[in-house]
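In the block that follows, a single chain appears as structure tokens, in the form predicted alone.
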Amino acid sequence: MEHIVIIGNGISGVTAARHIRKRSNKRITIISGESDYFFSRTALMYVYMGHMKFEHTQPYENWFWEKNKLELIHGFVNTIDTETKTLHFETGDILNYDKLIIATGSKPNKFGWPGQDLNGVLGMYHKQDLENLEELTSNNKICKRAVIVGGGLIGVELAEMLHSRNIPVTFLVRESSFWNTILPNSDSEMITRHIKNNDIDIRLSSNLKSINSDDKGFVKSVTIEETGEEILCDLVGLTAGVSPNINFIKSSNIEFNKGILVNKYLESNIPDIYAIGDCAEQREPIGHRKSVEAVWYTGRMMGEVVAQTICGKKITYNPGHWFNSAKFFDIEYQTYGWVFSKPKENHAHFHWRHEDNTKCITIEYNSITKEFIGINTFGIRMRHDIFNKWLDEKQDIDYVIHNLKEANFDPEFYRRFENDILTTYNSLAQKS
């Protein structure tokens, strides 16, 4: 019986296992050093904030795995011998495979800061990070202040988590406005204000110089590069992005750059070895997409694709139109298609913001053909399927603006803003 081994039990690896099982009776083994069972990584913040228990983050009951003949191994793979198709574990154990799927996800970035490995320094990505955070903040006397380094989505989540326990937070953001390398200035400025309004001490254009230790090896402060200011703290969250978790493959002959290099079928350079999810890097660009995407839904899609290929129906990975969602405290964010921080050549932005400064949209469109390119929405829920349809149909911005009611996903009695948006759009059109 062909043996499929999957390293990683996140959304990518587990999706691959489930879909291989649906299509075959192959032997399937899933290896994870993080947790015994698959859990929803995006729900970790809600466990910390008391909205759910960790077991509630597990989509499947513990009996699910044995019932579906999915073997689970809790352990770390040290090296891969691709010639003999053998995995070598930290414990000295070995495991042979016929086909191997690497789905080891991401790890938090570290940039060689002095003190980055002190007690009290953590990321916010793994189950172990949650456990460490709980231990460090279980009593407010232990953590009088936290410093978060890096102005991305994980940083905002960690700020909200700590804020929920009344722990003061200083947020070091190297950009001049929060996430303005991704968001247009108008969107970024609104989110920056909202973070400040939630009592977060956000320091813009600020880089970490060092994390400083007390005499017991614990964090006591950080120093800011630009000013030399020392900020006393008991905890430092490193949230300056993530990178593929692939150190264990670097002694093998599997080709990698930032991540494991794969073709459009998610195959590596070694026969019978595939890479999916955050640890995979596309050899050929897919539109405007990054070669490595640490996004939940693309990991799931890759798992479905590689399962079909392994089960005899070879298909290419095609993630379709870009979309993503997040939350900045109580402002929900969605993006569909492409909205760049600065409009591309022959593109323009239409921006509308509500007077309460918690709701806005930005639409990118072709300034010559008027074709709709993408939309950011903040504080207004929109329908993914509608925007996908409009992007497929290459609708123009006039059509999108006049039909926004069709895309609104807010509950029936929520206030609607389509008429305000249309009025602003028509006013700008008359001026131009």
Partner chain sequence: MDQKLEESMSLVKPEVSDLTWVQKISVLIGITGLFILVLALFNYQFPYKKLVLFTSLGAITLGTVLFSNNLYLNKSKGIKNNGVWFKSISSRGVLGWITGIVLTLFYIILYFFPTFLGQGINGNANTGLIALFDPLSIFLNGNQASQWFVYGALYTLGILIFGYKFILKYRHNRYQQLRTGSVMFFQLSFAFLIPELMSKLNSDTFSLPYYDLKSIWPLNYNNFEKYRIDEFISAGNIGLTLLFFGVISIFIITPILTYKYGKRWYCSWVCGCGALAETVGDSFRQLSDKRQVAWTIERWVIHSVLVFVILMTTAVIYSYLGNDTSKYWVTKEVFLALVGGFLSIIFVLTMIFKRKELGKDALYGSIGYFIIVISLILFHFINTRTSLFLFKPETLRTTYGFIIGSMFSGVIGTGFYPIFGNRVWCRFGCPMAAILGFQQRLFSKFRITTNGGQCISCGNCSTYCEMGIDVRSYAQKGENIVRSSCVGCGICSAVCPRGVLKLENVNVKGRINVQGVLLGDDIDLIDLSKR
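Residue numbers count along the first chain shown, from 1. On a predicted model such as this, the values are computed, not experimentally measured, just so you know.
The same protein has a further form, the form predicted in complex with the partner chain, not shown here; the description that follows concerns it.
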Report yes if any heavy atom of residue 250 sits within 4.5 Å of a heavy atom of the partner chain in the predicted complex; otherwise report no.
no
Using a 4.5 angstroms cut-off on non-hydrogen atoms, would residue 301 count as touching the partner chain in the predicted complex?
yes
Residue 157: touches the partner chain in the predicted complex, heavy atom cutoff 4.5 angstroms
yes
With a 4.5 Å heavy atom cut-off, would you call residue 99 a contact of the partner chain in the predicted complex?
no
Check 49, 54 and 382: does every one of them have a heavy atom within 4.5 Å of the partner chain in the predicted complex?
yes
Would you point out which of 25-33, 393-401, 360-368, 61-69 contains residues with a non-hydrogen atom within 4.5 Å of the partner chain in the predicted complex?
61-69
Checking 315, 118, 94, 348 against the partner chain in the predicted complex, the residue with a non-hydrogen atom inside 4.5 angstroms turns out to be 315
Have a look at 352, 323, 113, 256 for me and say which one sits with a heavy atom within 4.5 Å of the partner chain in the predicted complex.
323
Residues from 94-110 in contact with the partner chain (non-hydrogen atom within 4.5 Å) in the predicted complex
none
